[in-house]
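Next comes just one chain, in structure tokens: the form predicted alone.
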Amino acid sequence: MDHSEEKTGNPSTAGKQMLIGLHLGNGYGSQPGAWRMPGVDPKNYTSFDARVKQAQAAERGKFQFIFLPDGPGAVMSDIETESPSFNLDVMLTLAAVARETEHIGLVATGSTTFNEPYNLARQFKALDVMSHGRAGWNAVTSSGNDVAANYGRTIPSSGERYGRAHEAVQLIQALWGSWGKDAWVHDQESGQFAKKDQIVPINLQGKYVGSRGPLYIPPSEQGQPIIFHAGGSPNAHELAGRFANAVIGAAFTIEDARAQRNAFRAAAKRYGRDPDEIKYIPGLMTTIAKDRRTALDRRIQLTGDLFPQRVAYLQQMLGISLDPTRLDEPLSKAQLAAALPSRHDPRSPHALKIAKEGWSLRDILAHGVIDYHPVIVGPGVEAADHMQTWFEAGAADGFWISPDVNTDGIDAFVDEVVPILQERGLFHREYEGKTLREHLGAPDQYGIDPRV
């Protein structure tokens, strides 16, 4: 596609290029059956070498960051047949990746609900120094009593969780800035290691958290880690609008994505920040293959024995009865006529649209209609078209990519999608900087942002 064919852009994205991150969870991929696919090492769940190789594949594609979610200790799957969704330990994983990569940003989730701010400040700033300024902290609150039970507690109220989060982020940024920017002298001849008067306690105490400080870690090449946030609630808008430079989003429709992006930008403006400082990055799940049929067959292989329970889910979305024993038949005219997409589920209209194209029930599900992010099942140009449409409509500043199977799915995206985006002028061809702050175009900051 040459530039004359491109759609006219939204003013807020005209002339800009998108950001791309890679979701790295359990080491296998986004689909439950990924660990059983041919060519996948079933021991990747505990392999730090596998995570390094996957991060290197993303760096080859010039992705701006990798993103490691975390849900402290919760098993989000049926352990009998599926791998847990998360890494063994996000900080150890990123430390391993930091030593074997040069440019890609390293972002991990760290809950403010069950972690002490001093520990989070220390871990993320040490990673930032180790990676030469590539660390990002996805600051989130925990939800769910299954997680809280691992700490011998019950989940606090939403007000308490977000009250603590606002205090924790400020406290952590104060700790990051407590070692003065120019305090480290390390002059062997004079014998002065550091300027003592520039490394001072912060002595902050709020309603929920506090610390004396200081934190004995000098600045990295980007000063301190970048703040990310994940969520879509009004509480999330406020926390991210106040502190974050990037949001890990979840939106199934372009309208919802645009509304979410605008809400985060408006929140940033309320806190005296430039709305362009906050980047909204929704998810995209991918199965990239030479054509739709090949991609659907791959997804069918990945789904395995899970079709019956997925049929039940689709049934609720469309409000009609579906027969799980008739997976290889399309929906009847009567079923399509009776289908009423759920008003409470934004995925439902898309599911009905796919059903009306005449696909079998098995193929409808293989399109990913019940997944929690948009799903591309087909050639790379379809992913590129989706990303361009959302980006130019002001619905996204970039995307975090969640391949079906990491072993070959990351390379498929890098080889089939990235070159199209680069040819269209939508994605950079080379890293222009070495720090995550440079990759995101985030302003300089050391310590607390004085505006908020």
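Numbering starts at 1 and runs along the sequence shown. Since this is a predicted model, take the numbers as computed values, not measurements.
The same protein also has a form predicted in complex with another copy of the chain, omitted here; what follows describes it.
- The listed set N235, N150, T253, Q301 contains one residue whose heavy atoms approach another copy of the chain in the predicted complex to within 4.5 Å, identified as N150.
- A heavy atom within 4.5 Å of another copy of the chain in the predicted complex is found for exactly one of V381, L336, I370, I217: I217.
- Just one listed stretch, out of 127-135, 372-380, 258-266, 224-232, contacts another copy of the chain in the predicted complex at the 4.5 Å heavy atom level, and that stretch is 127-135.
- Proximity to another copy of the chain in the predicted complex holds for none of A312, L352 and G433, with the criterion being a heavy atom within 4.5 Å.
- Contact annotation for N115: at least one heavy atom lies within 4.5 Å of another copy of the chain in the predicted complex.
- Interface residue remark: F399 is not counted as part of the site for another copy of the chain in the predicted complex, having no heavy atom within 4.5 Å.
- Although the partner is absent here, R293 lies well away from another copy of the chain in the predicted complex, with no heavy atom inside 4.5 Å.
- Among heavy atoms of E167, none comes within 4.5 Å of another copy of the chain in the predicted complex.
- Taking another copy of the chain as positioned in the predicted complex, the residues of 171-205 that bring a heavy atom within 4.5 Å of it are, in sequence order, W179, W184, H186, D187, Q188, E189, S190, G191, Q192, F193, A194, K195, K196, I199, Q205.
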